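A single chain comes next, written as structure tokens; it is the form predicted on its own.
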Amino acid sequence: MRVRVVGAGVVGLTSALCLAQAGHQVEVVAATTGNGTTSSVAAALWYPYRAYPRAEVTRWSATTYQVLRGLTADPSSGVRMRSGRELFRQRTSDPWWRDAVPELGRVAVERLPPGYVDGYELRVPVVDMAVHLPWLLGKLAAVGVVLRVGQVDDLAAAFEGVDAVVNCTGLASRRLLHDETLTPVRGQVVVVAQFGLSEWFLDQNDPRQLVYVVPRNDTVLLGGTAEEGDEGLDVQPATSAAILERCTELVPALGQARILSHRVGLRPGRPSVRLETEVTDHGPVVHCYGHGGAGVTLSYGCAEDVAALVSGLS
């Protein structure tokens, strides 16, 4: 089939790749690509954050975990397996997504920082999006997928010359489809130069004032915020200072790290991921959006479902 994917974040690009690998003729069209996407701001630590429903998210996350782990064999993919700790200030049970990972242990008492009483310890994929997004574009070009920059204001117009449309527009589906269940969840991060850190850290005890420290090859990403309903894309200096303070308290070596940049992105919050086929007067649309803070974590799993839905149309 001839398929047009709308959206060039990680969900759109992985969907396009799976579709092409399934034998379809694919074009991607998007208003923004690369650094202009929300995906480029992501910490891209494999973690099912603010995404629902739980059963499907666990399944998609498990698939993506396996795919990303396989990609570590290709250094140019920007994916590495890294060990880390999620820390808690009170006793907690195993996470609802436990079945998505092969191993998950408890942090030994002697490895808990002051003020923490419990924690998970696990090894998961970490994706450097500055590397992985261009890598995906290269893979798409190699299988004949065309990327076109352009604004899509009406899905009906997206059907010109194709048999099916795949909608991976994230938060933009609020405007494109008038989906008022979508809510922006603002995330601000600080990027510092790598200083020899190999382990990631996560603290979600305050759901609005998050603490995460995620190392990549050349940089370390520090976060963060989860400001529901806030659509401001300007960097807030006071917020950056607070992020640095929280992260340095957890990882004191950050006090000497060199700041490289400040980034802001809007997560596409939704009560549940929308992944389904809609039959319109113009043709079938497969929707795949509303991944919350887990676009990278769900990407390859959702992309496989997108490809299966499109193949089922022919």
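Because the structure is a prediction, the values reported are computed rather than measured. Counting begins at 1, following the sequence as shown.
FYI, the form predicted together with a small molecule isn't displayed, but the following is about it.
Using a 4.5 angstroms heavy atom cutoff to the small molecule in the model of the complex, none of 35, 131 and 301 count as contacting. Contact between residue 78 and the small molecule in the model of the complex is not found at the 4.5 Å heavy atom cutoff. Using a 4.5 Å cutoff between non-hydrogen atoms, residue 67 does not count as a contact of the small molecule in the model of the complex.
For the chain shown alone, residue 172 is a contact residue for the small molecule in the model of the complex, at least one non-hydrogen atom being within 4.5 angstroms. In the model of the complex, the small molecule sits within 4.5 Å of a heavy atom belonging to residue 31. Checked against the small molecule in the model of the complex, the residues 266, 285, 254, 62 give one hit for a heavy atom within 4.5 Å, which is 266.
Contact annotation: of the candidates 244, 191, 152, 197, the single residue with a non-hydrogen atom within 4.5 angstroms of the small molecule in the model of the complex is 152. Residue heavy atoms within 4.5 Å of the small molecule in the model of the complex occur in exactly one stretch of 114-122, 235-243, 144-152, 99-107, and that stretch is 144-152.
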